[in-house]
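Let's start with one chain on its own, the form predicted on its own, as structure tokens.
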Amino acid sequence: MQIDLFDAQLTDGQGSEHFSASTGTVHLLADHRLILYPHFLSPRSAADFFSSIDASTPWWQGSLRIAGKQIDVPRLQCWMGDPHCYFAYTGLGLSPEPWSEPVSEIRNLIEELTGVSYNCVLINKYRNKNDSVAWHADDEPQLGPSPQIASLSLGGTREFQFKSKIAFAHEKRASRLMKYTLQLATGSLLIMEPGVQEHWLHRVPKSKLNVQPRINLTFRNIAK
């Protein structure tokens, strides 16, 4: 499997006071598309949303049992969405918090741009360079066989890495072409189109540099 990376400009005709620019760049991971809108939100709007979401979100820190030890998840989280959107992953069961006003506003902006409806969102807060999320795919059964995920970044810039599931299974023989890294800055929106979750893993690694706190919202859809 090879990755064919190229740029293609997409233009959205919808206007909004929140948009700094409404063009997207397509990145191909083999036959699977990522669309990155690096300036989906203006810097001022991104800062305002960061502050309001940080203050209004009921953050909690989960824990996982690994090798017989209870380990804190290295980030803060909140699961938010419609009442039916119960979600479970890596042994954690999550009942949704009701939509907050700033998160609902962001959801409306993303739906306006993409034409796709989302009824739930996982919100992660990376407090410092040591907070991270390990290799995984958003391929839980509740999300359907081929989900589209919309990921909005607010705050500090972090690396967002992709690795093919083939590369994960055969690490020693994996080609460098089966891996890819994006830098996700504040106000950027990344659309992971159908097919990405089935064939690719992603992660936010720990950073070697000091970084500002980051809030990430990954919008999904769970059928009733």
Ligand SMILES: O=C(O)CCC(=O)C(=O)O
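For every residue, the number given is its place in the sequence shown, counted from 1. Keep in mind that what you see is a predicted model, and the values were worked out from it rather than measured.
Although not depicted, the form predicted together with this ligand is the subject of the following passage.
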| property | result |
| --- | --- |
| Any non-hydrogen atom of residue 211 within 4.5 angstroms of this ligand in the model of the complex | no |
| Partner contact for residue 136 in the model of the complex: this ligand, 4.5 angstroms, heavy atom | yes |
| Partner proximity in the model of the complex: residue 191 to this ligand, non-hydrogen atom cutoff 4.5 Å | no |
| 4.5 Å heavy atom contact, residue 29 to this ligand in the model of the complex | no |
| Of 119, 124, 114, 148, the one that lies within 4.5 Å of this ligand in the model of the complex (heavy atoms) | 124 |
| Within 4.5 Å of this ligand in the model of the complex, all of 49, 100 and 106 (non-hydrogen atom) | no |
| Residues within 4.5 Å of this ligand in the model of the complex, restricted to 183 to 211 and counted by heavy atom | 184, 202, 204 |
